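Here we start with a single chain on its own, the form predicted alone, put down as structure tokens.
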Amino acid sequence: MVNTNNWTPFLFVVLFLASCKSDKNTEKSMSQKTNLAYYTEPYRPQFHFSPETMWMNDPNGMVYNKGVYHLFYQYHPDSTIWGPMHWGHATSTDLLHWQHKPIALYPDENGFIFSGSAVLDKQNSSGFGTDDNPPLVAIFTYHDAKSKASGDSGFETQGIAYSLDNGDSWTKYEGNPVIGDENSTDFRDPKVFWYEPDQKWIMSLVAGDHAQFHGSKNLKDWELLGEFGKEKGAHGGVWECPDLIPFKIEGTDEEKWVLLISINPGAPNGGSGTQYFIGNFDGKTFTTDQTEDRWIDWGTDNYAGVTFSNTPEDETIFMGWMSNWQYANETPTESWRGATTLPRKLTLERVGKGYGLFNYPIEKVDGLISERSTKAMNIAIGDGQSISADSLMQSEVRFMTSSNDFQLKFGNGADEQLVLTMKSDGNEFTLDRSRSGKTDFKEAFGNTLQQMPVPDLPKGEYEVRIFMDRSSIEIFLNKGQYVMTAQVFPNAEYNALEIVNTSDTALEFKEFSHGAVKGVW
């Protein structure tokens, strides 16, 4: 429907976006077929990973082997709030459709099982497997809650475990822990990769307010090589979940390294967030001349993300935890709590005279768009005009524009709105969920306008792509140059999308399309 107030002589297109309600029947049949009752639960993600029941937070130990992607994650099997951590486990052949597996790692006498990583030890450097059957090796943090409660430091150490049946079962190393530091607190989250120039394993981990790099020939015996970050980056809270990744600049042979560091609190819109640094790594330490803080995602709900190891064609695939420690334990779900972002491909690209880390949904996500209720069309809106159209929570919206002054308002009959605003004044994109639905479960959830500076967007056309699931929205500008992820909990499904021109010139969206996204369960 077109609002004809303040009509100006310009082309208007009336959009009648077909409702995604047809997917209800699909959901019902899938739920009956698989006997998974959570298809009907309020706010249950339909095309994002979430645990069958109970609590999850950080994705960790993500590795590919023999055609299977393994997603391990922080899991509390006895509650929907954080508690003694285990490694939950799920597998996939496409990073979209997941099969839940038994718990992989349980707490033991050394402590809870905190975050870490997993690698394929192709050389069998650890001796855990054979040349014909190299092991998967998990590297994780032990958290000794009793030691911490007594006031001791050194309550976090690093342990390893191995699997000879592609992740179905795990054996912990009898020599655990393999790294400890009696003087450190918040000493955790080892991320390991093979460094070919020195023929050794490199481990990145964090020690409070900075990162450390350790080296090993066999995954058992480690030495400290270097440190980074005491005087670099954001320091509003504890550093967590490091990930050191080499990149070829898109379209060139130039190589740079990127270090991901999650921080809580201290993110630009409050609470938890993930910063990144672009620089160089010499096998011992990481250096950068970066002076500004950079964030992989400016929304409040993408934290502790890391990348998969041993991926086909060396693609760099990232997934994060879709929540924030400001309110993670209070979000309004009942039998489960926690989900991951869409899997995203990371690329390092030239932006002006510098570089930018882009993150964008993997190509296989395109296959989930079950139907497009509008064919790609051009929409023109004059001064003061708006377009309203049917929409639903499980959808994708996509268009090209050169405008930097517009609003997208997702609304429902309960007078709730999720408002996205692009403003040329200040080169800023904002997300306002203060009236989006349930927000009063925690003050920090609804009382902050989420702001994202976008100074380097192209001067011409750029893409806007939005994915909305039952309790989340992910926004990608210019193929992932700027990204925002946020949870939302409306009391009724959003069923209207209003596009508002906030400038005094004509607004045009090219190749505008809307489609239903198929559920993956």
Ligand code: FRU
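Numbering starts at 1 and runs along the sequence shown. Since the structure is predicted, the reported quantities are computational estimates derived from the model, not experimental observations.
The same protein also exists as the form predicted in complex with the named molecule; that form is not shown, yet it is the one meant from here on.
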Residue among M319, C241, L259, I160 with a heavy atom within 4.5 Å of the named molecule in the predicted bound form: C241
Sole residue of Q394, T274, S115, S204 within 4.5 Å of the named molecule in the predicted bound form, by heavy atom: S115
Heavy atom of W82 within 4.5 Å of the named molecule in the predicted bound form: yes
The named molecule contact at A304 in the predicted bound form, heavy atom, 4.5 Å: yes
Partner proximity in the predicted bound form: R337 to the named molecule, non-hydrogen atom cutoff 4.5 Å: no
4.5 Å heavy atom contact, D469 to the named molecule in the predicted bound form: no
Stretch in contact in the predicted bound form with the named molecule, which is absent here, among 438 to 446, 187 to 195, 163 to 171, 222 to 230 (heavy atoms within 4.5 Å): 187 to 195
Members of 41 to 74 lying within 4.5 angstroms of the named molecule, judged by heavy atom, in the predicted bound form: N57, D58, Q74
